[in-house]
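Quick setup: one chain, the form predicted on its own, written in structure tokens, and binding and motion questions come after.
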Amino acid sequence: MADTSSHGSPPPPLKDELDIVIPTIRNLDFLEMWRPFFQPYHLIIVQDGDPTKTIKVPPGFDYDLYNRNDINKLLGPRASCISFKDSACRCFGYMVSKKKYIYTIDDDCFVANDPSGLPINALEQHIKNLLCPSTPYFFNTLYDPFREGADYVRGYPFSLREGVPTAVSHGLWLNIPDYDAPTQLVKPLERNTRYVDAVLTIPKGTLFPMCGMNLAFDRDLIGPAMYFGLMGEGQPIGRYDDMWAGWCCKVITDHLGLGIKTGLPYIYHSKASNPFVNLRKEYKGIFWQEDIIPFFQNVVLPKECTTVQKCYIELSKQVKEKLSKVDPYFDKLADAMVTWIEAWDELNPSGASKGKA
């Protein structure tokens, strides 16, 4: 793409340093709406389900598409750690990317409008979030002090004002909220119309339910922990893929002194999934999370865990030791976590991205 800066329009931010990862089972017509924002970037499309089905991508996009046959060919026996018939397969895209940053979005997420009616460039806001420090050690009541028009408030310790590197930017959704099945059933007509103009750092020691449909992260800082678990076909649970990754990422970022932001940007979530289908996928997780959450709240990673990989392997050991008594599934999940790291390290031997620093 030609440099447009001489015509008064700067090049897209991080154009050569960011991949957009999209899991899908259908033609990607939704990209037409995102064309002004996504076209300059490289896309990694992870096709779920039947690998013989042809996925149509609108012309003009730079992309690589991987189906299940490609995953099996690249990973061999380790492909068992990648979920099948579930959007958790998107994490394969994180693994094969060679860029420093990842943005992932679902194919039923459209461009939202801000309160003035202007289309929101979600990718641009995620990049701003990632490139500014986080403040996990002390809460700033004006939220993100690095946003234009904000700063640290009176009483904020000067020793903490440099902040820490931001590993994850968690965006939100207008229209269809990200509810669990019981809440969907109780509130079938509820829609989110509230646009809250805020970005905040999730405090250290606080867990959160991460949603994968509007999410960006620094692959160099936290990539190996962005494993979306074993979900979908052959597994007893679904719709906990992104939340599992979020809980793992949060305890690891807390340990390594990194930050996670949530809030802006918004996307427009266009379609509600079937709450009865969701309930079949979620019902075990709804019970299990009453053990999972205390587990993560009490995880302690030893000081010898100085890399994401070391933290994640240690976490897998603790999962096997403490959660396998909840259900044998967690014994299998712990093994898959180790397989994931082995596959990640095989495809990323240097541990570094090829995007410009």
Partner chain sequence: MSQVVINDSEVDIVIGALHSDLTSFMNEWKPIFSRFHLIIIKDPDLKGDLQIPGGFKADVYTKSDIERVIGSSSSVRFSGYACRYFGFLISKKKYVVCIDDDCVPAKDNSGNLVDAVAQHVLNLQTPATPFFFNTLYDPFRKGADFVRGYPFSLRSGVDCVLSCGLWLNLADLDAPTQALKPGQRNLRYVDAVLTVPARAMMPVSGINIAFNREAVGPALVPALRLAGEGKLRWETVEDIWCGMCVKVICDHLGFGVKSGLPYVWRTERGDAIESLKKEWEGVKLMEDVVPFFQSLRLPQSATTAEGCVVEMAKIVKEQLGKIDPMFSQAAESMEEWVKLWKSVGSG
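Numbering follows the first chain given and starts at 1. This one's a predicted model, so the numbers in the text were calculated from it and none came from an experiment.
There is another form of the same protein, the form predicted together with the partner chain; it is not shown, and what comes next is about it.
Segment that reaches the partner chain in the model of the complex - one of 97-105, 116-124, 145-153, 71-79, heavy atoms within 4.5 Å: Stretch 145-153 is the one.
Contact test in the model of the complex: E233 vs the partner chain, heavy atoms, 4.5 Å: No.
G257 within 4.5 Å of the partner chain in the model of the complex, heavy atoms: G257: no contact with the partner chain in the model of the complex.
Partner contact for F158 in the model of the complex: the partner chain, 4.5 angstroms, heavy atom: Output for F158 is yes: heavy atoms within 4.5 Å of the partner chain.
Distance check, I252 to the partner chain in the model of the complex, heavy atom within 4.5 Å: The answer is no: I252 has no heavy atom within 4.5 Å of the partner chain.
Site check Y195, L207 and T262: each within 4.5 Å of the partner chain in the model of the complex by heavy atom: Answer is yes for this spot.
Heavy atom within 4.5 Å of the partner chain in the model of the complex - qualifying residues of 131-147: Sequence-ordered list: Y137, F138, F139, T141, L142, Y143, R147.
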